[in-house]
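Let's start with one chain on its own, the form predicted on its own, as structure tokens.
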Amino acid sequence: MYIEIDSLTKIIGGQKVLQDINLQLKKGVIYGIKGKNGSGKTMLLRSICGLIKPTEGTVKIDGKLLGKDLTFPHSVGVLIENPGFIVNLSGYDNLKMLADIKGEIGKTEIEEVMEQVGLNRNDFRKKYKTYSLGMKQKLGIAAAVMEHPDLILLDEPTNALDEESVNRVIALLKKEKERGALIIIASHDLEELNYLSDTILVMEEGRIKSQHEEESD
């Protein structure tokens, strides 16, 4: 997968929430987006996955224009803000309902990814409404990665996670990177992004202020 963002600008309520974004993003790379609340991180993720349309500029996925040739990227997993799970279903049943849409994975794969993010067997059948904030976050990450999409977009993925769970998520994302996924992670935590990302983009007031490569392990 290859993403080209050209002169992307988004105006909401007369305010430029994204300003003249130009990026080229390629598969097999983890990109970290660092910025304070309101810097434009989440809006950029929403633009890349087709949830909002640019006021100006374009987003192309493998040469196809998002919003014209494509409504959404053809293979994408997303965790942006609060995941929309059904509160009276179990964690497992929520993931199964999502997986049944495409029919690409089954019980074994769903249970495996739940364990990988740190949900144990007892958690599988608990109703989502009984989940703690950390458990909800883990389920959201599991939903985003379980079908091994080409593009993975995660907004503050380690919020409410303990250190062990953060390490689990990092290991999982590195496996997805090795498989060839293009991964974009938005976070206010520079230390975490330094550890996880190959390239870090710093956003301020809707603009990309800097971009630098991290040293590989």
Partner chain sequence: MKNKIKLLKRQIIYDMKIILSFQHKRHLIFIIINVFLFMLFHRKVNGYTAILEDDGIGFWDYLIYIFCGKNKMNNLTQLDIFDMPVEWLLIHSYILLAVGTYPKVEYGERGYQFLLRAGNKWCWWISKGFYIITDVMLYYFSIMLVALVSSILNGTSINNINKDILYYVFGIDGSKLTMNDIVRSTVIMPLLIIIALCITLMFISFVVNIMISVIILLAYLSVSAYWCSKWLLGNYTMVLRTDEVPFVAGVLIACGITVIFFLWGYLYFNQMDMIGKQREEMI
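Numbering follows the first chain given and starts at 1. Fair warning: this is a prediction, and the values are worked out from it, not measured in the lab.
There is also a form predicted in complex with the partner chain; it is not shown, and the following applies to it.
| task | Select from the listed residues Leu190, Leu65, Leu51, Leu172 the one whose heavy atoms reach within 4.5 Å of the partner chain in the model of the complex. | result | The option sitting close enough to the partner is Leu51.
| request: Flag Lys107 as yes or no: does it have a non-hydrogen atom within 4.5 angstroms of any non-hydrogen atom of the partner chain in the model of the complex? | output: Judged by the heavy-atom cut-off of 4.5 Å, Lys107 is well away from the partner chain in the model of the complex.
| Quick one: does Asp123 come within 4.5 Å of the partner chain in the model of the complex, counting heavy atoms only? | Flag for Asp123 set to no.
| message | So, Leu133 and the partner chain: in the model of the complex, are they within 4.5 Å at any heavy atom pair? | response | It does not: once the partner chain is placed as it appears in the model of the complex, Leu133 has no heavy atom within 4.5 Å of it.
| request: Answer for Leu23 alone: is it within 4.5 Å of the partner chain in the model of the complex, judged on heavy atom distances? | output: Judged by the heavy-atom cut-off of 4.5 Å, Leu23 is well away from the partner chain in the model of the complex.
| said: Please identify, from 57-65, 144-152, 178-186, 157-165, the stretch that has a heavy atom within 4.5 Å of the partner chain in the model of the complex. | reply: Among the listed stretches, the partner-contacting one is 144-152.
| task | Please state whether all three residues Val17, Ile86 and Ile101 have a non-hydrogen atom within 4.5 angstroms of the partner chain in the model of the complex. | result | Yes: Val17, Ile86 and Ile101 each sit within 4.5 Å of the partner chain in the model of the complex.
| field | Contact set, 189-210 vs the partner chain in the model of the complex - heavy atom within 4.5 angstroms | value | Nothing in this stretch is in contact.
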